[in-house]
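In structure tokens, one chain follows: the form predicted alone.
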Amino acid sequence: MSRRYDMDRRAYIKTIGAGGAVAAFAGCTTDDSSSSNEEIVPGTASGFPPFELTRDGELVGFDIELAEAVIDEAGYDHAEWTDIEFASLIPSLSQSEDIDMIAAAMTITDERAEQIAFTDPYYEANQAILVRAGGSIQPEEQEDLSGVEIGVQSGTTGENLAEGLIEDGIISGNNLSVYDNYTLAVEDLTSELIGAIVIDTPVARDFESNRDVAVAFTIPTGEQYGFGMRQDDDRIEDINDALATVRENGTYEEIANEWDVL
């Protein structure tokens, strides 16, 4: 059985549910005087640098700036950001409707597309295996992860890949630790509580440049990120048009260079 660690710091939970944790929503109050056609409430899950992170108490990152630029270009206002656990984003969008858009480096998958609509892709990534720099665990391929304690973030494609390692018999379920965000996982990695992390390549590179960790090898997955919206939200057409515009006018490249994701 895999282990899950909550935001309060490693509280042991025996069952893992995508919407199991209770999240505190910021800036989600509804103003009846505002038209839903004019305002978009964006949601994200910080702790995924350089796409979304908290710096000096402020939510920043590539996704944050790009989403705001796209929303503005589409002619809508962006409300205060909602920052919650990654696994809670889709339920908050499609069920409770506390948010109108997901901007959280979310990979477009068939399973997710059954619940929400995705915009056109705006980024491509693969998966990486992150280990302690100079540590004793230095795998070169997936088979080398046998017996290694693996950390992943709940609800991510990294978790899906790790579950595939379990199905293939490379690691056991007892060797999988599931976190609410990758920052906690990296803390455990540097503290030698786990041996490796499965994580998106650009995020792995960011941690590599700021922490005592290193990318051991990458796993080509060809994932594409998209902004998530409700399936019945017609504004997705405007968002797609705006996304194309910010690519064409150089805004996308400017933001991408700022956050070093190209």
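Everything numeric here is computed off the predicted structure, so don't read it as measured data. Note that residue numbering follows the sequence shown and begins at 1.
What follows is about the form predicted in complex with a small molecule, which we do not show.
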Would you point out which of 137-145, 69-77, 101-109, 166-174 contains residues with a non-hydrogen atom within 4.5 Å of the small molecule in the model of the complex?
-> 101-109
With the small molecule left out of view, choose which of D233, E223, E65, D206 has a non-hydrogen atom within 4.5 angstroms of it in the model of the complex.
-> E223
Would F227 count as a contact of the small molecule in the model of the complex, using a 4.5 angstroms cut-off between non-hydrogen atoms?
-> no
Quick one: is S94 in contact with the small molecule in the model of the complex, heavy atoms, 4.5 Å cut-off?
-> no
Touches the small molecule in the model of the complex: Y179 (any heavy atom, 4.5 Å) = no
Proximity of S88 to the small molecule in the model of the complex, heavy atoms at 4.5 Å | no
